[in-house]
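Coming up is one lone chain in structure tokens, specifically the form predicted alone.
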Amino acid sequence: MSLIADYLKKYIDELQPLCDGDIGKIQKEAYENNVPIISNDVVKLLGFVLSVVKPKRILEIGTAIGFSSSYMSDYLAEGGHITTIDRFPVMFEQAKENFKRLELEDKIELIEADAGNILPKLEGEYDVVFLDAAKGQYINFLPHIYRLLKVGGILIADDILQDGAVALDISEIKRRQRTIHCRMNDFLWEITHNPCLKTTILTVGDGVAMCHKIKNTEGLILNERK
């Protein structure tokens, strides 16, 4: 299911080329084999944003096969670095191979761990946080992201609209998916109402949230939700 009309999605997909070189080969192979990486329109969005921000430090939560962090590494400022986290051994090994294939081992630190366990241990500030992990955990990761994202930094969260299901009443959601549905709605309410963020929701891919941190926050404001 697409968030936009199929004919328009097809037009945009055909209009925007895949990446060049070895990273383009990884992208093409992933799409052909239904490997879960970001869609090409999200790739283009990331490239646009990062070319403006020129980040020194990026934190990625959800490495998968390492495509998105490899792509983002092209937009790092001189001496920049990416930290990326994934808890699945199969993905971890594929990402490690891809970083070696692309000669990015000096630019990207790959951490094999549950993000919920490792995020509290991270220090320093990041210019960009790219969130593309378990959707039911976005709201739980958010307090740590608030702490780690510098003022002026950008949070980019992928796959937030769940093929449009996020807008449905919970009674229309299958029981086994209701926890994720509620948590994603909490996440979206939080990032659109927290006064420390300027947020926009885009119908690119399966939905992308972009949040600009304009001042420091002490944490979630969900208790203020009406």
Ligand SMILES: C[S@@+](CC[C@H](N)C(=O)[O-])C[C@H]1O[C@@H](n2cnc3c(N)ncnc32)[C@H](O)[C@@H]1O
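Each residue number is its position in the shown sequence, starting from 1. All values derive from a computational prediction rather than experimental measurement.
If you look for the form predicted in complex with the ligand, you will not find it shown, but the lines that follow are about it.
ask   = Does the ligand get within 4.5 angstroms of any non-hydrogen atom of residue 157 in the predicted complex?
value = Residue 157: no contact with the ligand in the predicted complex.
inquiry  = With a cut-off of 4.5 Å between heavy atoms, is residue 114 one of the residues that contacts the ligand in the predicted complex?
reply    = Contact with the ligand, yes.
message = Taking the ligand as it sits in the predicted complex, is residue 67 near enough to touch it, meaning that at least one heavy atom pair lies within 4.5 angstroms?
response = Output for residue 67 is yes: heavy atoms within 4.5 Å of the ligand.
query = Within a 4.5 Å heavy atom cut-off, is residue 60 in contact with the ligand in the predicted complex?
reply = Close contact exists here: in the predicted complex, residue 60 approaches the ligand to within 4.5 Å, heavy atoms only.
inquiry  = Check for me whether the ligand, as it appears in the predicted complex, comes within 4.5 angstroms of all of 146, 198 and 222 - heavy atoms only.
reply    = Result no, not one residue of the spot touches the ligand.
message = Please tell me which of 37, 166, 188, 180 lies within 4.5 Å of the ligand in the predicted complex, judged by heavy atoms.
response = Exactly one residue meets the criterion: 37.
request  = Could you check which residue among 139, 104, 110, 134 gets a heavy atom within 4.5 Å of the ligand in the predicted complex?
outcome  = Looking at 139, 104, 110, 134 one by one, just 134 meets the 4.5 Å heavy-atom criterion.
key: Stretch in contact in the predicted complex with the ligand, which is absent here, among 121 to 129, 88 to 96, 75 to 83, 148 to 156 (heavy atoms within 4.5 Å)   = Contact-bearing stretch, as computed: 88 to 96.
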